[in-house]
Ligand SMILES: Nc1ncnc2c1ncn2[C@@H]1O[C@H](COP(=O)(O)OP(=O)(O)O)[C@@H](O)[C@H]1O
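Before any questions on binding or motion, here is one chain by itself as structure tokens, the form predicted alone.
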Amino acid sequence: MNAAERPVKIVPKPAQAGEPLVVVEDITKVFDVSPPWLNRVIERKPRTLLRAVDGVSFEIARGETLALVGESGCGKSTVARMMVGLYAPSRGRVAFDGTDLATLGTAAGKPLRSKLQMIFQDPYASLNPRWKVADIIAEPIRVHRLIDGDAAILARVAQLLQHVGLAPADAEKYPHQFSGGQRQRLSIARALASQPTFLVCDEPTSALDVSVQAQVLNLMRDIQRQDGLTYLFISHNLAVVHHVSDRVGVMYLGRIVELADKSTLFSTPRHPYTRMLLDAIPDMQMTGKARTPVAGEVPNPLNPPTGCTFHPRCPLANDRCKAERPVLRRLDDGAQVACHAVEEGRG
């Protein structure tokens, strides 16, 4: 193997003080879920628009793991897809390493594509069942032309399989020959094949058994430390979030209602919705502490409540909450909360 064919590991750029790797500015995603045009004409109905994400902003530092949590339908996965360019924001901007992701589809944005990768929720659906593992993992290497020569590519595939705890001989197998946890390891290996610096993990362990979840999460943490990766981790499982995250953003009906360091959010949650989510976690220590389950149902996102969208379920809501949308405000300890009750000291 000559020098040109030898796999080269790309080392991420060293972190610079105050320079985030990912910047998300007021992104919004609106989907048109209207019936067909003829139906609307006959029934005399207007277009129906779903605001899946509504003005979300945050930053992710190099080497950091930011987790987004919330109930199903809150917009977490839509944010994830906008972070890698699968969806274009209806409004707002996503910047990666100083470059707007709107350029991903252009020649100028081509170098960015290998730096952004995604691990999907279902390992059974995210791998091509007709391809061997060697072809699945080698595809990003070939598409981005990272290594020349079939022998060098196969050597890199073997290296990646070992990196995620599998054997090089597994390259000749098909996805159906693996368990769920092993398939997710294959998904991780495929994501790492393009030598990314930023991984979006969309509930990567929710389809796995609890014991396998721990193995995959520990693997992802080890890989992050070894390769200097930055993660956006999407989950509805607060126990998983506590294990992997540095900061946590809580989403409700397309908006971030609280954003704080992991230790701050779990020890002193401010927003009533965050408190209710934490209270719903089973008390394994049997402390006898009074616990309040998450009450009520998530409102219809096609017709969200006015003002604070959480007010129909909030025990602290008043007339201001029903009429005025709260703004995400930074508190003294650095946490950000969008809640009139917290602002007025009613919490």
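Heads up: residue numbers just count along the shown sequence, starting at 1. All figures in this text were calculated on a predicted structure; none of them were measured in a lab.
The next section is about a form of this same protein that is not shown, the form predicted in complex with this ligand.
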Looking at 123, 269, 196, 75, which is the one with a non-hydrogen atom within 4.5 Å of this ligand in the predicted bound form?
-> 75
Looking in the predicted bound form, is this ligand within 4.5 angstroms of a heavy atom from every one of 31, 52 and 87?
-> yes
Considering this ligand in the predicted bound form, find the one stretch among 175 to 183, 209 to 217, 147 to 155, 76 to 84 with heavy atoms no farther than 4.5 Å from it.
-> 76 to 84
Would residue 305 count as touching this ligand in the predicted bound form under a 4.5 Å heavy atom rule?
-> no
Do residue 135 and this ligand share at least one heavy atom pair within 4.5 Å in the predicted bound form?
-> no
Can you check whether residue 63 is within 4.5 Å of this ligand in the predicted bound form, heavy atom basis?
-> no
Is there a heavy atom of residue 71 no more than 4.5 Å from a heavy atom of this ligand in the predicted bound form?
-> yes
